[in-house]
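A lone chain, given as structure tokens: the form predicted on its own.
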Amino acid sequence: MEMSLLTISYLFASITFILGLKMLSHPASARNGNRLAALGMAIAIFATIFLYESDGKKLGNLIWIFAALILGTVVGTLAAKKVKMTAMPQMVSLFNGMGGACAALISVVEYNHLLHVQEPATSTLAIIFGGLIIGSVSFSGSMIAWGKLDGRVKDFVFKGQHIFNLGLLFFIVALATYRIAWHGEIWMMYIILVASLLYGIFFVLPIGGADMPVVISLLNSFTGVAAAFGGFLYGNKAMLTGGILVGAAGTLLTILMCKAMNRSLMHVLIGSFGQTSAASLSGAASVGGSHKEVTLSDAAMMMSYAQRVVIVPGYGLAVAQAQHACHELEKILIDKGVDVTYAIHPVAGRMPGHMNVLLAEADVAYEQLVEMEAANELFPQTDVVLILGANDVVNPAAKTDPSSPIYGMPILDVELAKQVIVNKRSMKPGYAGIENELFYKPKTSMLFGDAKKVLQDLVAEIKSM
């Protein structure tokens, strides 16, 4: 009866995962979808603790289990409440890495446990090593991604890195295959573990800052696949379903991100994603000309008497926590009869969906968010484009400069609008480390200052008109 109840609990948890993921596709239902999936996970965890049996015995060490659950819950809750929106990509990388580490540890523990009984079956070994390799790569890669996003780790490229990465990957797969098929030495598992951790490090190290959203998606899919291997190993249907959902969703998102940035997924896998020589970087950074500035009153006048204004949010908006001030500006312009929309680039910010989450927090209507393809059709009929802290996603070098590290990446064609106002703190290059020739175009005017303060002043200026 208990095993039947356990199976029902896993089935219910799996259904909540699927429904929760579906509800996450729209901001109006996303919060409830997250809660529903969390409820399913809680049911799966407690059902495993109290209903699971092996050889007629229930789980032991309940004190240690609940101590770990309480500690993890407290640390996770405090971290999630304190994290700033600008640091959300780092937190995603960190949490994702923890998932990969758990999957790898499961493989290590089960490997040693099964060897004390008898040599595991070939299929079981394949599952163990699959989870070990993918989980280890996800963990070490996510830690490097966290360091790069947080500014603690710099890009690192050396001659022949492609060959080294491919050789290391081949070594890992070959040694794992030998251990699985021909039951080699026990210590080979630890060599595979270390080599997988090294591959995860060298896989992410050369990747440029502008390409990190794709890497986060890919590593997320790795963690899901590694968790699915754990589900196979234990025959845990909830763990298997959750892992497959995360792996599939992460893979699809990775493909979409690659398409959005015009990159090759194969280059991601061999660790050459975002590589650029120093010569090309210096070439991309040499933008000539001078910029012009616009006053607050002139900017307010331009937007107040425009028929259509398109706002392009970027990382600078998140840094200033200016989403609420931006929403206030949007509302006052709409009250004046101006058509206001938000143009969202797929990789604006530092992770997929960063700007969507930021604006949803300020209660911006989802219908006002326009994706890149639709936004590019609007720009020729737009009077004013207001760019708030975005840089690389509006840089024309992606289309005009083959030496640029972002060359080939689809961008928002803001220069097609009649007037472009760019709000930045300074002329400092963006995350990709290159100058933006848009800032020196005749139709572009710079409005320097903190995004939140500038938007608040714009609102006050428009109200006084």
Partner chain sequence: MDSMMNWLQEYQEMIYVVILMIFLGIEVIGRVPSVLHTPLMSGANAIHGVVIIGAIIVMGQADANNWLALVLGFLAVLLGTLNVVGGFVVTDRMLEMFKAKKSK
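If you superpose the two forms and keep the largest set of C-alpha atoms that fall within 1.5 Å, you have the rigid core. These numbers were taken from a predicted model, which means no experiment stands behind them. Numbering follows the first chain given and starts at 1.
The same protein also has a form predicted together with the partner chain, omitted here; what follows describes it.
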Completion exercise
Only hit among I244, L168, A299, I192 for heavy atom within 4.5 Å of the partner chain in the predicted complex is I244
Problem - Contacting member of K418, R31, K399, R425, with respect to the partner chain in the predicted complex [4.5 Å, heavy atom] - result: R31
Fill in the blank from the handout: Exactly one listed stretch (300-308, 168-176, 363-371, 198-206) reaches within 4.5 angstroms of the partner chain in the predicted complex by non-hydrogen atoms, and it is 363-371
Problem - Distance check, M98 to the partner chain in the predicted complex, heavy atom within 4.5 Å - result: yes
Practice task
Would you please decide whether I216 lies within 4.5 angstroms of the partner chain in the predicted complex, comparing each non-hydrogen atom pair?
Solution key: yes
Practice task
Please run the contact check for P410 against the partner chain in the predicted complex: heavy atoms, 4.5 angstroms, yes or no?
Solution key: no
Practice task
Mark K443 yes when one of its heavy atoms lies within 4.5 Å of a heavy atom of the partner chain in the predicted complex, and no otherwise.
Solution key: no
Handout entry: Contact test, all of R35, M88 and A227, partner the partner chain in the predicted complex, heavy atom 4.5 Å
Key = yes
Practice task
Taking the partner chain as it sits in the predicted complex, which residues of 14-35 have a non-hydrogen atom within 4.5 Å of it? Please list them.
Solution key: F17, I18, L21, K22, L24, S25, H26, P27, A30, R31, N34, R35
Practice task
Taking the rigid core as the superposition reference, indicate whether the CA of Q323 shifts 2 angstroms or more between the shown form and the other one.
Solution key: yes
Exercise for the section: For A343, state whether the C-alpha moves by 2 Å or more between the shown form and the other one after rigid core superposition. Expected result: yes
